[in-house]
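Okay, so here's just one chain, in structure tokens, the form predicted on its own.
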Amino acid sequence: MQPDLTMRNGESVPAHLVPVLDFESLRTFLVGEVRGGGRLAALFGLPGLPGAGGAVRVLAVVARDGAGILRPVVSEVGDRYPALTPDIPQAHLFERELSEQFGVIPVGHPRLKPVRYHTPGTFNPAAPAAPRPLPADTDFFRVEGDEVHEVAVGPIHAGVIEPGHFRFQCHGETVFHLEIALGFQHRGIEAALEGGLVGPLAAGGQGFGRIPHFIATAAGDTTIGHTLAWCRIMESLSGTTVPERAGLFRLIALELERLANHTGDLGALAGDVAYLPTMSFCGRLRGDFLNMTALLCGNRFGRGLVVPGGVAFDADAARLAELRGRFESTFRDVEGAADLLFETPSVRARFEHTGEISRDTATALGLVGPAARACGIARDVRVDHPFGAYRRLAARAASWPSGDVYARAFVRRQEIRESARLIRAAIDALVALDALPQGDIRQGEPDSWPRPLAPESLAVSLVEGWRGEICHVALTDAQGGVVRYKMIDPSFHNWEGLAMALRGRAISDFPLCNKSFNLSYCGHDL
């Protein structure tokens, strides 16, 4: 019998309604869903009392993008279980994480290794704690043969980027295999969030304590995306409806974040092929978009703008007019800088056919965001699982089929244009709503938050950040406390895509391919 519980993005349901399957039924269900067009939005363990004769509960959330629904299921596994990865490759990193956190062994997993190199969990609580390994202190896949050699890069890199280790197996200049080891930035954010309003992060500060700060800095360049996902979890579990005016400000903030990062990425890609005009223009224009966010709230990354129940700052007609003027001027310059990039033959020659990924590979790995859309997969939370003002303004997904660096750059350009359309529409709507009374930017007074959360409930929130799908999942106990909070940054899905893009390519293409994904290290490590 198929599980029959479905939910929409941003909804919460009583936890006892989530279907509980035996493990083989879970496997059959997940394989059927993935082969039928679904994908794993989340797969993670739940706290319990594992031990001799016990089990670890596993929660899976399947996204059916075409139908706009989510299907959660729960199962139990013992200390060993047949791995899902051989049948569902997109489960590979989820299962490594499950093993690292709970000490269970997915038998048959092709590369069972730590994910974040924190102190490993244990299935048997009576067993002595294992020492915490050093990041990247593990065995790496080796290719043997004449003239095959290994190249190690990082964790310390040239330039100001985050730490990560890359191990290449090469024959001459050709990359046979790339293995990526992260975990250098693990901060324990998920574990600290458990306990909710009485957990360690809730102390100090105002309202939610330090929780908003940790959410906003989980991936610092995705402040709006992650904060919005968390706020929608809090609103769902507290039964709060966000005012329409606040929803429009949230849309503008999320699209400005996308514009700043996509513009910066086009400039970085230009710099990697030594095309300095677009690199120079985009460096300045990225800052202009960040400054527009600061115009709304005083912070260039939007910290403090999105809050549970709405937004913390309003904008009058004069400020909206200034925003519109700055936006149109900057957007016009971005169009010019992008025209230079895409109309230059030497740039196209470096972008085209570099770092190609097939649609089949992208589907199997469960890639999200521009990386997936550049493989012809028109997957976009704003379209498939619309929320807030996106229900009213109807975003359109951009895609391109070639799967190479050119496609990942071109999709960004198309998304810049779509963000511009959405921001113009949102400003128009805000101007039309300007006659509404004060106080309609947040549900309730600031001191009415935090609000009690529904007990023994499950909530799932998806947001299309600039890198792709951000997924937050929360589970509450009988008192409404958060007993499990799961954050999945789009980079978690996409790092393996970068590794696949290098296969058969010259190792000198790595910087360009890496820029074309521009994944988050800290968003992966959490």
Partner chain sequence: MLRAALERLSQKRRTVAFPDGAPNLPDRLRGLPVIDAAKCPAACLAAPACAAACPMGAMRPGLGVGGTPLIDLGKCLYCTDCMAACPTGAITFGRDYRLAVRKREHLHFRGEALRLAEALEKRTRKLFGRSLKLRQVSAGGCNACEADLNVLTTIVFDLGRFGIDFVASPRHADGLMITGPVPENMREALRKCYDATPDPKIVIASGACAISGGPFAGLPESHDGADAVVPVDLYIPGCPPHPITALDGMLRLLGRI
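Note that the coordinates shown come from a computational prediction; the quantities given were computed from them, not determined experimentally. Residue numbers count along the first chain shown, from 1.
As for the form predicted in complex with the partner chain, it is not shown, yet the points below apply to it.
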Query - 4.5 Å heavy atom contact with the partner chain in the model of the complex for all of Pro89, Leu93 and Arg111 - result: no
**Report entry** Partner proximity in the model of the complex: Leu285 to the partner chain, non-hydrogen atom cutoff 4.5 Å
**Finding:** yes
Query raised in the report: Does the partner chain come within 4.5 Å of any heavy atom of Cys375 in the model of the complex?
Result: no
Query raised in the report: Looking at the partner-bound form in the model of the complex, is Gln185 within 4.5 Å of the partner chain by any heavy atom?
Result: yes
Query raised in the report: Wondering, does Ser280 line up within 4.5 Å of the partner chain in the model of the complex on heavy atoms?
Result: yes
Report summary line: Counting only non-hydrogen atoms, the one stretch of 375-383, 145-153, 176-184, 234-242 within 4.5 angstroms of the partner chain in the model of the complex is 176-184
Query raised in the report: From the list Pro452, Pro131, Pro125, Gly298, which entry has a heavy atom within 4.5 Å of the partner chain in the model of the complex?
Result: Gly298
Requested in this report: Check each of Arg417, Arg324, His213, Arg167 and return the one that places a heavy atom within 4.5 angstroms of the partner chain in the model of the complex.
Outcome: His213
**Report entry** Residues within 4.5 Å of the partner chain in the model of the complex, restricted to 321-343 and counted by heavy atom
**Finding:** Arg332, Asp333, Gly336, Ala337, Asp339, Leu340, Glu343
Report task. Answer with closer or farther for the CA-CA spacing of His118 and Phe123 in the model of the complex compared to the shown form; it moves by 3 Å or more. Result -> closer
